[in-house]
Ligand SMILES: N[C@@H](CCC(=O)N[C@@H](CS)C(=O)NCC(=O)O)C(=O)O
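Shown here is one chain on its own, the form predicted on its own, set out as structure tokens.
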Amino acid sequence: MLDLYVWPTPNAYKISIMLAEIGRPYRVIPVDIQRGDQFKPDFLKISPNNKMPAIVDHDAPGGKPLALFESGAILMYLAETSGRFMPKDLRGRYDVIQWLMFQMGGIGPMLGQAHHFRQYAPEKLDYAINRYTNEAKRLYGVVDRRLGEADFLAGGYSIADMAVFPWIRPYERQGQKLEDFPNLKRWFNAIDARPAVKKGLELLAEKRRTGPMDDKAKEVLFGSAQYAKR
């Protein structure tokens, strides 16, 4: 059995989509990041950076449970252990890895900052809003140009696409329009139509926040709680 420690966020959907694509059963262990579950000692033993998703694979190679944090590492592990969505040849493998790293180092952090300053920051700072909205647009352009050359980011559908797709879903909150990026829009619609993707996006649907974030959640996510020594 594989335990998935998770809350419904873009990084979490990467893993639930991959698990649905490979058909691997798993047990969901909710980590309510708006109430501080990510700071509990038992979770920190699995994810020392207090971020989710994380996994514990009780059927890992070698016969011992394996704990992993960082969504990119988890995707690579699932691809390698399942033999799917990561080419075995060196060139194909690194085509996937470079686009996965592009998501981890660019798409996720920069689009996350766009979300923060456009939606959650206590002050509306025009400089920060413009900076990260424009950076989101630039990154969308990088993806759009690449998808003018290939159907998917690394040629064939791979974990790189699974990593980027969930971050593009809230494009309006990032100040973007898919119509401005026709190649990306074609790719987005193709992935969105995949049955496994639809299944993966059902993850903890009942836990999704539908209204404004309350003050307690903001303090946990963005305030002093995040920086306390542990």
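Each residue number is its position in the shown sequence, starting from 1. Since this is a predicted model, take the numbers as computed values, not measurements.
FYI, the form predicted together with the named molecule isn't displayed, but the following is about it.
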property	result
Contacting member of Ile46, Leu204, Ile33, Leu178, with respect to the named molecule in the model of the complex [4.5 Å, heavy atom]	Ile33
Contact of Lys199 with the named molecule in the model of the complex (heavy atom, 4.5 Å)	no
4.5 Å heavy atom contact, Leu221 to the named molecule in the model of the complex	yes
Proximity of Lys51 to the named molecule in the model of the complex, heavy atoms at 4.5 Å	yes
Residue contact check: Gln38 to the named molecule in the model of the complex, 4.5 Å heavy atom	yes
The named molecule in the model of the complex: contacting segment from 52-60, 189-197, 22-30, 170-178, heavy atom within 4.5 Å	52-60
Full three-residue contact with the named molecule in the model of the complex, heavy atom 4.5 Å, for Ser16, Thr81 and Val164	no
Sequence-ordered list of residues in 56-74 near the named molecule in the model of the complex, where near means a heavy atom within 4.5 Å	Glu70, Ser71
